[in-house]
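Coming up are structure 1 and structure 2: the same protein chain in two forms, each one given alone as C-alpha cells.
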Structure 1
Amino acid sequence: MNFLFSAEEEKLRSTVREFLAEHFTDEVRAENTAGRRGEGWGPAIRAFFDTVNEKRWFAWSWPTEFGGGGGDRTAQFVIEEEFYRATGITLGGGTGAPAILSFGTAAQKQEFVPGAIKREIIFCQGYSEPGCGTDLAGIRCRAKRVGDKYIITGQKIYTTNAQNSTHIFLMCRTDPDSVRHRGLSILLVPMDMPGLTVRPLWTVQNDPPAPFGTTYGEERTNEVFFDDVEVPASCLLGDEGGGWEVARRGLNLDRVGAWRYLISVMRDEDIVNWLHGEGELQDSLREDTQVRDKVAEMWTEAEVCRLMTMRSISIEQSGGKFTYEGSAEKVFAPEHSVRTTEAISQILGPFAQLMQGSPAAIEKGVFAHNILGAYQSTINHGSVQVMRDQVARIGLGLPRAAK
C-alpha cells in the first residue's frame, strides 16, 4: 500500500500547474464562466481546450484510438486535481462518454468519444422525471420503435446543462408493457431535433449569479420536453430493454474522479486561504482557538474525502469492480461539504449571508453561495439517503429495507 505519488507523477503535477498558471488567463476564465452559464463558448476558451486536447490531458487514461492519452488512471487523477482546483473544469468525456466506451458499438465509440473528449460533444443526463428521481423504475418517457426510428414523447426534469449540450443521454421506456427497471433503454439523442424543447428551471443558485468557484454555482438546470421527437434507431446504446444496466454502470463511472472530492473539499481550502489573507477580521479570527479547532477538524475530514476518491481511482486503475465504494463517497463528501459550509457560516457570522453584489460580501459572496451548493450536492447524482441504502445492501450485505 503506497499513498504517495511517484516522482514522475509529481513532475506531471508541476507541469500541469505551470501550464494552467500561464494559459488559464483571466480572459479564458471569463469565457469559461460565460460558456457554463449558457452564453456560448468564446474563442479564448476554445483555443485553450484545443491546446489541452493536443496534450491529451482531457482523457489521459482513455484509449488513444478514441482521442485519449493511453496513460494510467493515477496520472489522470493528478491532472484532474490540478485542473479542477485551478479552473473548475472536470476532465474525461463528461456524462455519457464512459458508458459509451463500455457499451457502444464501434461506430458509436468513433462518433461520440473523441468529440466528447474535445468538448465538441456534450451530453446532459436525462434520467429524472417529475415524480421519479430516486426510483427511476417509474420512468414514463416513452420511445416507440417504428421501423428504423424511435418516436419519443415525455418529459425530463433537472436536466442540468441541457442548454449547453449537444446530446441528451436519455433513459426512456421502450417496452410500454414493462414494469420497473425492465423495458428501459438508453438513447443518445441530439438536442437539435424538432419537437425537443429545453426550459430553464431556476434555482436559488442562479439569482444572484454565484461567483466563480462556487459549488454548482454556474450550473443551470432545466426541464426537457419531447413531443414526438423522431430519432434513428442507431441512437440506441446497448441492448433495447438493457438501459438500466447501462445507466447504472454509467452513473458509477461518472461519479469517479478528483472533482468528486474537490467539489466538497475546496470549501475548506477557501476558508483556509481566506484566513491566511490580510484584514482585521482575518487577524482576529485566525487566532481564535475555536476557529482554529473547527478548521483543523474540517481539514481532517477533507483528507478522508480525498482518500475515499483515491480508493475508487485505484479500483478503476486495477480493473476492479465497484460495489458500494462510489456510494460511500457520495455520502461522505457532500455531507462533509454541508458540515464545512455550516462551520464557515458560524465562523464568519453575519458576513456569511452576504451574496455576490452585496458591498460587504467577503470574496464576492462565495461562502454564502457555497452553503446553497452544498445542500444541493446531497441530492443530485443520487441522494445521500439512497446512497446509504446502497452501502447497507451492497457493501454490508444487509437485506432490503422493509417498505
Structure 2
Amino acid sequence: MNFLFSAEEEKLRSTVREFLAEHFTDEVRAENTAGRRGEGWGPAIRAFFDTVNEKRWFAWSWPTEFGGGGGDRTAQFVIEEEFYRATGITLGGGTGAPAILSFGTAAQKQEFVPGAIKREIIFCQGYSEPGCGTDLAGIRCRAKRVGDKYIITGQKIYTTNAQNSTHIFLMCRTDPDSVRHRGLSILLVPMDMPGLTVRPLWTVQNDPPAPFGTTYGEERTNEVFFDDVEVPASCLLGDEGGGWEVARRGLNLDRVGAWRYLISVMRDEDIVNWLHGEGELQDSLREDTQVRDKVAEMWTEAEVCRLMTMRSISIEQSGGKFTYEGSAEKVFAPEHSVRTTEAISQILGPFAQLMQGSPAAIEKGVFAHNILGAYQSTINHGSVQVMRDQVARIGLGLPRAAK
C-alpha cells in the first residue's frame, strides 16, 4: 500500500485545521473539560458538536443510513488525527458502537448508532472487575435470564467516563456454570436503571490536574455497582454466551484509529517541539549528540506506530480479514510510549518531575504527568501480555502456552 496521503486528503487536513482554529475556542475548550469531569456539557461545546455533526466528521467512514459520512477510512483517519491533536476529542461512535454495527440487530443499530455518532448516546466500557482486570475470563458479574428480562448483580471497576455515559457496554456471565471465556455475554445497559450506582475513583492526575495533552490524564475513573438491575432481554448484543467474540471484535476495532496511535506518539512530538524552542536548556540539549540520537530513535519508533495503524486501516477499508493486527499495535505502541517517557525523563533530568503549578515546570508539567500515566497504556484495553498471546495464537498459529 501507499503510506503517503493523497493531495485530496492533505487538502482535507488543511480544512479541518482551519475549522478547529476558528470554532474550537477557549470557551469551547473550557466547557469540554468541564463536561469530561462530569460537570455537564455547556451550550458552547454542544453547539460545536452540532456543527461537527452537520459535516458528518464524527463518523466520516460510517454508513450514511446511521448518520455517517459514507467516506473512506483513510479520510476519517486524517480527520481524527487533527481533532485529537487540537482538542483531545475522539471521533467515531465511541466505545460499543463499532461492535453494535458488527453484531447488533437491525433494531439495535437504529436505536444506538445514530445517537452514538451525534454524542446523544455515550457508552462506557464495563469489563474490568476488582478480581479481574485484563484477564476478562475471570468475570464474575452475573446476569440471570428471567422470562423476557435479565437481572444483573455484581461490580465493575475502572469504568472511565461512567459519570457522563448514557449506557454501559457490559460484559457479564449469563451461564453461572461456565468457566473462562465461555458463558459470557454483552448487555447494552442504560445507566439510569434502578439499582445501578456509579461511585468516583479519583486518580493521581487529580491534584494537580493534568494539563491538556497528557496521555491518560483523566482526573477520574469509577466503580459501578449492579444490585438486582433489571433490563429487557433485547439489551443482549449478539448471542447469549457469545460475548467473548463480540468483545474481542469490538476491542480490535476500537484499537484502530488515529487517536489510539496518537496517545502513544504525542510525547515524541511534544519533546521535539519543545527542543525546537528557544531557551538555554533547549540550546544545550539540542547540541548533545546522545540526546539527538535518542530522540531520533524514538521518532523512528513513532513512525512504526503510525504505519502499523495505517496497515490496519488499509485491511479494514479493503474488506480484508482483520484478526491480530490490533493486538500487535496494542503491544508495540504502549511499550514505545513507556520507552519514550523514560527517555524524556532522562533527557530533562529533575525538570521531568515538575508537575503543573510548579514555577519551573516545562510545558505546564506535561512530561511529569505523562510519567504518572505511562504504564496505564500497557494495561488498558487488554494488557500487552494478553495481546502477545493473541498475536502468537491468532496471528502465528502457535499453541496455547502450557500452564
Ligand SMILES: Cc1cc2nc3c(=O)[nH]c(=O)nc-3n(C[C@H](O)[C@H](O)[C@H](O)COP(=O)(O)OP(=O)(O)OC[C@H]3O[C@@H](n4cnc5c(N)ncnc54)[C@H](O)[C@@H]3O)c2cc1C
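Keep in mind it's a predicted model, so treat the numbers as computed, not measured. When a residue number appears, read it as a position in the sequence of structure 1, where counting begins at 1. What we label the rigid core is the largest C-alpha set whose atoms superpose within 1.5 Å from one form to the other.
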Name the structure that matches the description of the form predicted together with the ligand. 1
If I superpose the two forms on their rigid core, does the C-alpha of Glu218 end up displaced by 2 Å or more between the two structures? yes
Using a rigid core alignment, state whether the CA of Thr166 is displaced by 2 Å or more between the two structures. no
After fitting the rigid core, is the C-alpha of Asp228 off by 2 Å or more between the two structures? no
Using a rigid core fit, what is the CA shift at Arg180 between the two structures, in angstrom? 2.3
